[in-house]
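Only one chain is included here, represented as C-alpha cells and corresponding to the form predicted on its own.
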C-alpha cells in the first residue's frame, strides 16, 4: 500500500520508520508546517533525520500532501475536542477522493462519529480506527469478532500515564506531583498531562467503544460522559487502600446507556489492577462471561502496530 502520514509525533514517526519492513511505501508525510511528497516513495530516513534536526519534514505545503498519490491516509495528528479539526478535514478529503483512512487520532471518531460514518457511506474508501483505543490491544476487532450485540458492558484501564502514576504512588507512598514529574522525566507523561490525568483521554476511548457497540442506534459523545480525574488523590488514600488489600485505578465503565470515568477501589488481586503503563479491557458478554484483553496501551510502536493491522485488513 502507498501511505500518506499526517502527524509526526511518536505514532507518526513509528509508522514512517516501520512502513518499509511491513511492505508499504510512504509517498507523503506532513506535520503542522511542512510536508515531503514523492509518488515513487520518499526517503524515510532523510525525512526522520530532518524532523529530528530541523523540526520539519520537507519544503512542501502540508495541504499538498492531502492531494498526493496514496492508497491510505494515516491520521495521527493530536486529538482535539469539539470539531475534531484538523483531523476531520484530513479524513473527509481522503474519503471524498475515494481513499481509505486509518485513524490513530481519537477526535473524529469520538466527537463526530455520525459525520464520519456518513462520509464513509458516500465514499469507495473505508475508515478503520483500531489504534484509537488501547494501543496494541485489539479491543475493537475483538468486539467486532464477538458481535457487538453479544456484549452487555465494558470496563477497563485505558490510559497508561494515569496507571503508571497510581501504581507508583501505591508502591512507593509518593505524592502525585512527585510521581508526575518522574513520569515526565521518563517520557511516560507529556509536558502537559492534563488531557490524560483529567480522565478525558479515557472518556474518548469509552465513547468510541460505546459507539461501536451501539451500531448506529444511538450516538455517544464526550458530553455523555461523567468524568473524574486522578489529580486530587492523596497518597494517603492509596496507603489506606493497600492496608485492606486494595488499590486504586482510573476505571472507565460503559453499561449500555451510561459512561463513567473515575478512580475506583479494586482488589490488588483483581485483573483490573494492572501495573505500570499496561492497559486492560473487560468485556461482559451475553453467553461467554467476562473476557479480558490486556497489553501495552500506549507508545509509538505499539500504536503503529494497531495501524498496520488495520492496513492489512484493507488489502
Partner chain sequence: MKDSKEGVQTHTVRLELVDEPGELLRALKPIADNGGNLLSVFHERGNVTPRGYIPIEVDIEATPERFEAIIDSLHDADINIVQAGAERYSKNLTVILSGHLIDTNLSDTINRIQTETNATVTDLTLSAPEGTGDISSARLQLAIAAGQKDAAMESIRSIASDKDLRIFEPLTMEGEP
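Residue numbers count along the first chain shown, from 1. Please read all numbers here as calculations on a predicted model, not as lab measurements.
The form predicted together with the partner chain exists for this protein as well; it is not shown, and the discussion that follows is about that form.
K.L.:
Of 96, 232, 172, 185, which residue is found within 4.5 angstroms of the partner chain in the model of the complex when only non-hydrogen atoms are counted?
P.N.:
Only one listed residue qualifies here, and that residue is 232.
K.L.:
Mind checking whether each of 278, 288 and 293 has a heavy atom within 4.5 Å of the partner chain in the model of the complex?
P.N.:
No, the candidate spot makes no contact with the partner chain.
K.L.:
Tell me, yes or no, whether residue 215 is in contact with the partner chain in the model of the complex, where a contact means a heavy atom of each within 4.5 Å.
P.N.:
Although the partner chain is absent here, residue 215 would stay clear of it in the model of the complex, with no heavy atoms inside 4.5 Å.
K.L.:
Is there any non-hydrogen atom of residue 265 lying within 4.5 Å of the partner chain in the model of the complex?
P.N.:
It does: once the partner chain is placed as it appears in the model of the complex, residue 265 has a heavy atom within 4.5 Å of it.
K.L.:
Consider residue 153 of the chain shown here, and say whether it contacts the partner chain in the model of the complex, taking contact as heavy atoms within 4.5 Å.
P.N.:
Although the partner chain is absent here, residue 153 would touch it in the model of the complex, with heavy atoms inside 4.5 Å.
K.L.:
Report yes if any heavy atom of residue 236 sits within 4.5 Å of a heavy atom of the partner chain in the model of the complex; otherwise report no.
P.N.:
The answer is yes: residue 236 has a heavy atom within 4.5 Å of the partner chain.
K.L.:
Pick from 251 to 259, 56 to 64, 27 to 35, 43 to 51: which stretch has a heavy atom within 4.5 Å of the partner chain in the model of the complex?
P.N.:
Of the options given, it is 251 to 259.
K.L.:
For the stretch 279 to 315, I need every residue with any heavy atom inside 4.5 Å of the partner chain in the model of the complex, listed N to C.
P.N.:
Sequence-ordered list: 282, 284, 290.
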